[in-house]
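Next comes just one chain, in structure tokens: the form predicted alone.
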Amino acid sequence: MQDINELRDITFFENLNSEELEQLATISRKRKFSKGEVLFYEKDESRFLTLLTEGILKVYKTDPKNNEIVLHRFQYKTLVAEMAVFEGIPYPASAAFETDGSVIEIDFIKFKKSFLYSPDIAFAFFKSLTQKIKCLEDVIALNIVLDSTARVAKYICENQEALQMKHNQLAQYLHMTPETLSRVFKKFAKLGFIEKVGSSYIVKDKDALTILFE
């Protein structure tokens, strides 16, 4: 049974009273994962409402050549794959931890029966669903509409931590080769848009970068 004190600290459940939290704890469990471990595979049965509480989780699909196509990286304190659970369909992608992490898994059938009647919970749940739709729209815009230069510019403008990521990891997320990514970074540095500091970069001219993808 999940500790109610941890549940109480999660924004998603902040409006539940002690009795409701105790009831929620009886249908929940916490699981810990090491870096590289898989949370679920594509086509696995989706039975649990999953809340990422620690770590970074990547959601990805695998192409016919067994290459990973990263769809999104989730930070802690967020719901994961709730649309599949809500619709009662298999997971449409796989998920694995890029760091050590943990999740809280909640039996969705019991959760739906006992908690989705609450306006606060229902609103938070569907707000999370709309955020996932926005993530999908961003993936489409980033990887289909934009060329490689605009793709890199947009991503580093909107995700400052990207400048500290390893090039092969960032290249994988942006669906390009590390060599292409390096050429784009060198071009940006030469133009004064970014500057190399130690082993990473900082943005020097965000307005110039923004022009490339707007």
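Note that residue numbering begins at 1 and tracks the sequence as displayed. Take the two forms, superpose them, and find the largest set of C-alpha atoms that agree within 1.5 Å; that set is the rigid core. The shown structure was predicted, so the numbers you read here are calculated from the model rather than taken from an experiment.
What comes next is about the form predicted in complex with the DNA, which is not displayed.
Which of these stretches, 53-61, 163-171, 26-34, 39-47, has heavy atoms within 4.5 Å of the DNA in the predicted bound form? Within 4.5 Å of the partner lies stretch 163-171.
If we define contact as a non-hydrogen atom of the residue within 4.5 angstroms of the partner, is K204 a contact of the DNA in the predicted bound form? Outside the cut-off, so no.
Can you tell me if T180 lies within 4.5 angstroms of the DNA in the predicted bound form, counting non-hydrogen atoms only? Yes - in the predicted bound form, heavy atoms of T180 and the DNA come within 4.5 Å of each other.
Decide whether S199 counts as a contact residue for the DNA in the predicted bound form under a heavy atom distance cut-off of 4.5 Å. Result yes; S199 sits at the interface with the DNA in the predicted bound form.
Hey, in the predicted bound form, is S148 touching the DNA, heavy atoms inside 4.5 Å? Yes, S148 is a contact residue.
Quick one: which residues from 63-77 get a non-hydrogen atom within 4.5 Å of the DNA in the predicted bound form? Going through 63-77 in order - heavy atoms within 4.5 Å of the DNA in the predicted bound form - there is one hit, K65.
Checking N66 here: with the core superposed, does its CA move 2 Å or more between this form and the one not shown? Comparing forms between this form and the one not shown, the N66 CA shifts at least 2 Å.
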